[in-house]
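Presented as structure tokens, the chain that follows is alone, the form predicted alone.
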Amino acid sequence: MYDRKDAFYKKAKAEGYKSRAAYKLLELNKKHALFRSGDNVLDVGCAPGGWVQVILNLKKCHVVGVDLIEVEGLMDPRFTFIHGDITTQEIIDQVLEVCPKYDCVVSDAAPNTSGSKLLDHVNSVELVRLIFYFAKKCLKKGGSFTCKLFEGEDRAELVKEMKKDFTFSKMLRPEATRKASFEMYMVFKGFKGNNEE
């Protein structure tokens, strides 16, 4: 019987990607052209580094990655890793010190799962909202934001809130997503700019 999880796991190992999640970003970028050469990209929740690998391989981008978990074995001069929590002011300051404005913010971050679909959804919404608020502060006008969200009843309200700041929005479930997973990916393009600027 065809095991999609096993197939993508083996493919990632064979092609040198640090996780199967790489194929999710490859699909999202193929459909929506998230990156251009020369872009400054912020990857929130970047460990183990699969998305960073995709971005560096696809385009001549500079990537800043943030995570509570160390990223190992990615020694590229175009990659800067910041170890810490993006919700703290100290780490926010470090991210902005490396690059005050980003062309693209991506996030495959997820809360620690509890086994309760409802609780995991609520925590996912809260995490995405925090990352989104920060993305609005550091995105260039016209920039893009892509993130993961666990499905649930609060999704529609969150998407409605986020769509206001962009000219384009799309929700997708990439092929590499596990069948049992209730995660979705949201792509927003054409950031309208921050009124506070």
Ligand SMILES: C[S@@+](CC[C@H](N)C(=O)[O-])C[C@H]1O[C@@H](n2cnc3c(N)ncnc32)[C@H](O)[C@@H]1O
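So that there is no doubt, residue numbering starts at 1 and follows the sequence shown. Everything numeric here is computed off the predicted structure, so don't read it as measured data.
There is another form of this protein, the form predicted together with the ligand, and it is not shown here; the text below is about that form.
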| field | Segment assignment from 26 to 34, 45 to 53, 156 to 164, 134 to 142: heavy atom within 4.5 Å of the ligand in the predicted complex | value | 45 to 53
| field | Contacting member of 94, 113, 87, 80, with respect to the ligand in the predicted complex [4.5 Å, heavy atom] | value | 87
| said: Can you tell me if residue 125 lies within 4.5 angstroms of the ligand in the predicted complex, counting non-hydrogen atoms only? | reply: no
| task | Evaluate residue 58 for contact with the ligand in the predicted complex, applying a 4.5 angstroms cut-off between non-hydrogen atoms, and reply yes or no. | result | no
| Can residue 39 be called a contact residue for the ligand in the predicted complex at 4.5 Å between heavy atoms? | no
| message | in the predicted complex, is there a heavy atom of the ligand that lies within 4.5 Å of any heavy atom of residue 19, even though the partner is absent here? | response | yes
| task | Assess the spot marked by 120, 173 and 184: is the ligand within 4.5 Å of a heavy atom from every one of these residues in the predicted complex? | result | no
| query | Taking the ligand in the predicted complex, which residues of 52 to 77 have any heavy atom within 4.5 Å of it? | reply | 66, 67, 68, 69
